[in-house]
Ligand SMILES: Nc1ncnc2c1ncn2[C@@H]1O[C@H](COP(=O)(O)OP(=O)(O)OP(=O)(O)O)[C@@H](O)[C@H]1O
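Below, in structure tokens: the form predicted alone, a single chain.
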């Protein structure tokens, strides 16, 4: 379903210097797979999701969706199909909310693509995310966690085939995070989800992609095997040494980073 062949991305900074964000990588994600994307800040996770979501284009290599290269020419012919099939949630929900009410935000995609039963669809996904009381409000007036729930409801209202989620639990409290995980596990969709919360990683997928600093793909394989690979986690800076002191005696050992 998704294939990257030597996919790479570079970008010019404000100083005019071009920096390599993602090094050439090869990967394939089959329909129905649940994949977790891991790496420290600055490793290129968000950039990879943006490339796969079609909001940025590779500067080298190619990205194929359903066997076709995704580029500007592809979007002229198949843009509507791609946007209906692949849903991208970026890290800051406010950057993706633009409708006057929560109702209109959830209804926007279904209206755009001519889906049926708009009112029932909005009611269903608003209920899933506990948004019934906010349907007449401007989404930008809501809290960070509520904005995140509106965005997720709007994406899922399209019933996409692929979900690309960038830190989807970052603005959610523990109950809302648990509800989202349960919901994602019930969906029959292909998912690629980035997270900093390694305690949640096992709930989000069974395969891991690990990016290192500089955008190198360090690992592609079973998540459990990665979480037991101390050397690789150290290389990716996902382990740190933590000191403990007990009654005047100190010792240290490694911990997984866990951002909540």
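Numbering follows the first chain given and starts at 1. Treat the numbers as computed from the prediction; the structure is a model and nothing was measured.
Heads up, the form predicted together with this ligand isn't pictured, but that's what we're talking about next.
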Notebook entry, point to check: Tell me, which of 101, 91, 85, 71 has a heavy atom within 4.5 angstroms of this ligand in the model of the complex?
Noted result: 91
Checklist line | Proximity to this ligand in the model of the complex (heavy atom, within 4.5 Å), stretch among 28 to 36, 199 to 207, 46 to 54, 218 to 226 | finding: 46 to 54
Notebook entry, point to check: Does residue 167 reach this ligand in the model of the complex if we count a contact as any heavy atom within 4.5 Å?
Noted result: yes
Notebook entry, point to check: Within a 4.5 Å heavy atom cut-off, is residue 40 in contact with this ligand in the model of the complex?
Noted result: yes
Next item on the list: With heavy atoms only and a cut-off of 4.5 Å, decide whether residue 21 touches this ligand in the model of the complex.
Entry: yes
Next item on the list: Pull the contact list for 2 to 34: residues with a heavy atom within 4.5 Å of this ligand in the model of the complex, in sequence order.
Entry: 11, 12, 13, 21
